[in-house]
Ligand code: GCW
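Just one chain follows, in the form predicted on its own, and it is written as structure tokens.
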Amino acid sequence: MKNWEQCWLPDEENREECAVRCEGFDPSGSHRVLSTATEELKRYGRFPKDAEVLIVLDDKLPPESYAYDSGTLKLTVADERGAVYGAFHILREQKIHGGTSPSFGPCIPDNPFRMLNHWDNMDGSIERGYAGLSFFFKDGRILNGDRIRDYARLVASVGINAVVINNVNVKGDATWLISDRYYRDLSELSNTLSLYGIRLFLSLNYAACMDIGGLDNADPLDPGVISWWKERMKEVFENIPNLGGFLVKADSEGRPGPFTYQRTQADGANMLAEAVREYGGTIIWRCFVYNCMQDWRDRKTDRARAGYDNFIGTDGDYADNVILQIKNGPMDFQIREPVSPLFGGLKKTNMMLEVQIAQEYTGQQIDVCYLIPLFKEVLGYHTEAPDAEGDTVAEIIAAKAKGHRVTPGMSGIAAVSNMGDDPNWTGSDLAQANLYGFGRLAFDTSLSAEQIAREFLAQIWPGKAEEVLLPILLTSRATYEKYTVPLGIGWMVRPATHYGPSVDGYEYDRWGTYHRADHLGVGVDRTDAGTGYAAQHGPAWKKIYEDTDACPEELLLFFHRVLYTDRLRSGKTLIQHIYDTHFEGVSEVEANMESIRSLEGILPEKIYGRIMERMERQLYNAKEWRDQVNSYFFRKSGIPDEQGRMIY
């Protein structure tokens, strides 16, 4: 018996399989992905007795798209992947609507790449993993079987078409993934993923030519290095079918890279891109490059500047099969950051947005934090000016932005995965909403956060549970922000674990994340008078961000140093805002717990127990944040709470 759950997928098989007929496909082909689509419809589709579903190929549709006519039961598809996504769309609608699906489409994916990045290690651990151990690796071995197939089914059902299975910090055994030690197992795993139209990607050790190849350098312009990679990539692609390419973290947090040899990031990326070109391979190159050894006394070096400073000068230098993967903000997946200026700055380079659903800094799948509202803000951000057209992040990563020249099909969105071998895949049952929501949003960026949450809940807990949980999900990001870090300041977490409060945890640390609080005020000056970061956003946004009156208030302390006695737009002083929001956040968690208690006896007992156990941990965490942050700023400022509440 399987020890894992189906989440939002249909799990009640038909007593009698419906008939499915396919037209327009080459009869000589194997059509493994198409067979998956027909199997899903036969086993789980709810159609009239003796009905026949027709899947018709239409090569005029864009890749991976589909449309459905409920009257004729005809699913029109662009290709086999489109058949899989269309089949799951029908099953989703049938589950939501109690057995019937309306017509829909054409449904065209907004992003060519819709990818999950797993940070799994080969010993079975997961870096920043909060849902158990890896289901890809154990004790240096690659796993396969029913769990992998069900994983592929789960993520394909929301439109994911590519996965990276190993940690971007490639060390030890993982370096050997590109060797005959693992070719057979990777081939089998890749074949399993391919049943659902998913392409396998691997994280790559940039210095593998030294670590397993015996070379004395990894200079991307060295003929010996170039030759080694060409030979190795020929071998890799010949032995691993369905391999899409590689994700590379270089020159970051101790990882090797081209900077070691005074070369550019483009030099390193292009060397690898040339090695994989003839096999249709793609190099996804992360832009998470910054100085992680800075002196806390240095008030000009700014980690927020690093991505832009390191990459903007190479715009247009990258090969057409290279995609730069850019985090949504300039720092590191905080609850509130400005959008990375690279999205607006790069005009001639393929780009992919990177977000994180693993909740590293947003509650670690203990605290409820539905992240789709955050992702919607990023996707809807106008990179040129608030009222500009054709310049949103969504348009840029879909290769549809005005003034951007990129390679068709070489863009998209990736998320750091929140999955592990826990029975419910994500540890927290409510964290499944981020996995579901990311896939749906990556496929269709026009969906609202509320639409996605409603879809998710209607498939798992319809009725009263849906009514209770929907507002909790939709307000959870704001609640988390209230009891943790104020007005864009970020961090303040315990180093190493990144869970729970430590206001000065990183303040004097080499990683370069500071709030600069003293007895007068708090915040980092990122105007021209400070670090100059605001200028990376271009004239219109620079003007807004540098003006304390115009700057979005939720980012005020990210861009400005503000006195505790300065008044915000609400009329409150900064210090009172800090006190009030932290008390409000705890109160909202308490109210959420009371709401969920009303679901006892309605939710399945084990699910109710799991949710309540994490809510209790969240409440404890929220109180710790409230008390430590408020106490810290009271001791710094000496200014009491106007309402006379206990501030320790």
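Here the structure is a predicted model, which is why all the values come from computation and not from measurement. In case it trips you up, residue 1 is the first one in the sequence shown, and so on.
Although not depicted, the form predicted in complex with this ligand is the subject of the following passage.
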Consider the chain as shown here, without its partner, and state which of F88, W119, Y151, Y308 has a heavy atom within 4.5 Å of this ligand in the predicted complex.
W119
This ligand: the contacting residue among W229, W461, Y361, Y381 in the predicted complex [heavy atom, 4.5 Å]:
Y361
Partner-proximal stretch of 107 to 115, 433 to 441, 160 to 168, 531 to 539 relative to this ligand in the predicted complex, 4.5 angstroms, heavy atom
160 to 168
With the distance limit set at 4.5 angstroms and only heavy atoms considered, check whether R128, R286 and H498 all reach this ligand in the predicted complex.
yes
Does K249 reach this ligand in the predicted complex if we count a contact as any heavy atom within 4.5 Å?
yes
So, H577 and this ligand: in the predicted complex, are they within 4.5 Å at any heavy atom pair?
no
Is there a non-hydrogen atom of D211 within 4.5 angstroms of a non-hydrogen atom of this ligand in the predicted complex?
no
Consider D332 of the chain shown here, and say whether it contacts this ligand in the predicted complex, taking contact as heavy atoms within 4.5 Å.
yes
